[in-house]
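Listed next as structure tokens is one chain, alone, in the form predicted on its own.
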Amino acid sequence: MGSVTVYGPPISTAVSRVLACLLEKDVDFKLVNVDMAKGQHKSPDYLKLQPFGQVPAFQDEHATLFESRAICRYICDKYANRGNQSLFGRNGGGPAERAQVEQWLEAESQSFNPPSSALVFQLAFAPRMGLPQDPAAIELNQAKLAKVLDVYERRLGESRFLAGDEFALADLAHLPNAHYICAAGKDDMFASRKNVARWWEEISTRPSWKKVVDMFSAPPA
């Protein structure tokens, strides 16, 4: 086992994003469950790792980090020569290629994530928590997400993946939220768009993501 430790339940979208990145990069890690139902994410010891009391927290040697996309960037830089070496732009691709990955990673964070996260909560987590779903919120955020996916449809008609012809962090970042939306029966949002459907089929069947999904049902460590 390596020096990397990830804190948080794998069913968390942010935790699963980090796990997928580690698996793509062939980096060994230890996963430490954080029982949020028991408030472990608000304990004094955990707050030393993640001051906002959220998941994941991440440790690697002397680095302690939070925020999943920042952690993924760190993993790609620290372990540049491991596993999938084009995840953050190909070696020798230069600043323009890396900027393409950054650009679409920002699009995921700023445009895709807000409506998709709202849908994930309403469709997947509210029922688990015994909370009523809000049909108006679902309708509103479906409409917002549809506009984003229309942009993706055009982009994916020009390239195999969002940042170019190689699977990259920009694609990987979409996996958790899109997975929950599709699993909740809203997969037509992706399947009804030819290029998005092709892209989603390709990224969601990667071995790394399949391993993460298997971890959803594994007993906590």
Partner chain sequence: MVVKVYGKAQAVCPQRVMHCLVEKGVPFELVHVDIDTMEHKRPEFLQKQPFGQVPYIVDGDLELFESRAIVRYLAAKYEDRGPNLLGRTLEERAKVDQWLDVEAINYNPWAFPIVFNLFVLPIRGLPANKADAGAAVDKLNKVLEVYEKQLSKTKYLAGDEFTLADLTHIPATRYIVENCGLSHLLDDKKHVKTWWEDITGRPAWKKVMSFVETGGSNYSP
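It should be emphasised that the depicted structure is a prediction, and the values quoted were computed from it without experimental measurement. Positions refer to the first chain, counted from 1.
One more form of this protein should be noted, the form predicted together with the partner chain, which is absent from this view; the next part is about it.
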- Query: in the predicted bound form, which of the stretches 23-31, 164-172, 183-191, 58-66 has residues with heavy atoms within 4.5 Å of the partner chain?
  - Reply: 58-66
- Item | Contact at 70, 74 and 99 by the partner chain in the predicted bound form, all three, heavy atom at most 4.5 Å | yes
- Using a 4.5 Å heavy atom cut-off, state whether residue 151 contacts the partner chain in the predicted bound form. yes
- Query: How about residue 81: is it within 4.5 Å of the partner chain in the predicted bound form, going by heavy atoms?
  - Reply: no
- Message: Please determine whether residue 110 contacts the partner chain in the predicted bound form, using a 4.5 Å cut-off between heavy atoms.
- Response: yes
- Query: Closest heavy atom of residue 39 to the partner chain in the predicted bound form, within 4.5 Å or not?
  - Reply: no
